[in-house]
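A lone chain, given as structure tokens: the form predicted on its own.
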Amino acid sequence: MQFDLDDERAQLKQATRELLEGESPLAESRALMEQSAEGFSKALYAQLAELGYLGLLLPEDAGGAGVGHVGLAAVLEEMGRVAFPGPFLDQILAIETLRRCPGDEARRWLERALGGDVLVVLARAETLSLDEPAQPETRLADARIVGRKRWVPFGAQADALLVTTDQGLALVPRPDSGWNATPLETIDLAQRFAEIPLAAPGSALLGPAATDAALAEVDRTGALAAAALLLGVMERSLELTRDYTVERQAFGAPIASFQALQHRMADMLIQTEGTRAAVYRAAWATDAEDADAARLVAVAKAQAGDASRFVCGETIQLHGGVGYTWEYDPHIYYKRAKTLEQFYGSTRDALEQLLEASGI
């Protein structure tokens, strides 16, 4: 099967690489991740919005780029390569949710989000563990949202939240006093999460059944997108390993010449290329509305989670003692991999979906 990108998406991928290498190389974005509360460049995100990146999945007649999930995967692969910080994926998922909501308010927030004027994110989790209640405990009554949401991505910076409630999906604009957000400590410098108590005005967007249907589609996009990010993380980790082992000398020779290390790097390459095939196969199936698309997305997310843990772990090991130090980059990619493996549909969730699809 042919997995090469067509000309349009190949050019998009190359343009994205050039943009990110020029505007957000890891050597520069590390300072933002480590020192700023936001953890990302708002100016660069405004530039991405102006260039149309937030509308990659929207059809052209709706003001989007219309490049589909294959194009989105190509862009996110490049973002993974530079451990791109910030809420790009979270914005994409919120936009995908808003465009499934009827009504003028949803349309207004969608237009503002696409233009980069506001940051809208989903607020769904209600516990700090992996186990969520069957129904949200957050309540919607008399146009008021009451509850508590955890693991809200970049919640402290959000201008509005798309909140799951006992009555379906609701939109909560940022209060004038701001969010009473508590940052949640994580190992990943490129990601921010917050816990947000809610007792604020909100408006219903979708009922319970429609919310479940919309979020099921959005979750598949999120799982595929996270797998594409993990592909970029692995790809760059392998390159770092190759470059370091070529330069590092032992016993008068580059350690890359040692057969045992070559075998380990070959295993890293196999895992990376296996993930590439799984990601783009799933992206193609999703765009083609293939009946097997959901299963293939689960395959891609499960493969990417396990493979990234192996590849990024081997990168640290093959860097030797310096692989554990803050000054070198392997730990950043490893931490990105751990976050992306757990969120947007964990590896465990993906495997359970595969078992269910197989009738097990």
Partner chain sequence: MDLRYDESQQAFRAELRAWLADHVTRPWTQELRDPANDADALVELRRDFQRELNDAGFLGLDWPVEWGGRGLGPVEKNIFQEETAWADAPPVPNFLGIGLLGPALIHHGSEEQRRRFIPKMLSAEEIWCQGFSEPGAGSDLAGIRCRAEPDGDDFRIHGQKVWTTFGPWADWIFVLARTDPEDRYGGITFFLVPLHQDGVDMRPLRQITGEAEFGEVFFDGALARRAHVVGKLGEGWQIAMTVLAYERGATALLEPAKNDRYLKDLVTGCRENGTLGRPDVRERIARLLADNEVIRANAYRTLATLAAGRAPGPEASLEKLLWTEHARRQSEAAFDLLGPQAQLATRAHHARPEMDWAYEHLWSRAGTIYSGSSEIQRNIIAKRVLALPTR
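Residue numbers count along the first chain shown, from 1. Quick caveat, the model's predicted, so the values are computed rather than measured.
Beyond what is shown, the protein has a form predicted in complex with the partner chain; the following relates to that form.
- Of 142, 176, 185, 104, the one that lies within 4.5 Å of the partner chain in the predicted bound form (heavy atoms): By the 4.5 Å criterion, the partner-contacting residue is 185.
- Of the residues 197, 254, 201, 208, which one places a heavy atom within 4.5 Å of the partner chain in the predicted bound form? Checked against the cut-off, the match is 254.
- Item | Contact at 129, 265 and 355 by the partner chain in the predicted bound form, all three, heavy atom at most 4.5 Å | Verified in the predicted bound form; spot residues all in contact, yes.
- Which one, 77 to 85, 95 to 103, 220 to 228, 281 to 289, holds residues whose non-hydrogen atoms are within 4.5 Å of the partner chain in the predicted bound form? Heavy-atom contact with the partner occurs in 281 to 289.
- Query: Does residue 114 make contact with the partner chain in the predicted bound form, using a 4.5 Å heavy atom cut-off?
  - Reply: Result no; residue 114 lies far from the partner chain in the predicted bound form.
- Could you tell me if residue 8 has a non-hydrogen atom within 4.5 Å of the partner chain in the predicted bound form? Residue-level check for residue 8: no, no contact with the partner chain.
- Message: Test of understanding: in the predicted bound form, would residue 20 fall inside 4.5 Å of the partner chain by heavy atoms?
- Response: No - in the predicted bound form, heavy atoms of residue 20 and the partner chain never come within 4.5 Å of each other.
- Query: Does any heavy atom of residue 316 come within 4.5 Å of a heavy atom of the partner chain in the predicted bound form?
  - Reply: Yes, residue 316 sits close enough to the partner chain in the predicted bound form that at least one of its heavy atoms falls within 4.5 Å.
- Task: Select from 293 to 307 the residues with a non-hydrogen atom within 4.5 Å of the partner chain in the predicted bound form and write them out in sequence order.
- Result: If the 4.5 Å heavy-atom criterion is applied to the partner chain in the predicted bound form, 293 to 307 yields 295, 296, 299, 303, 306.
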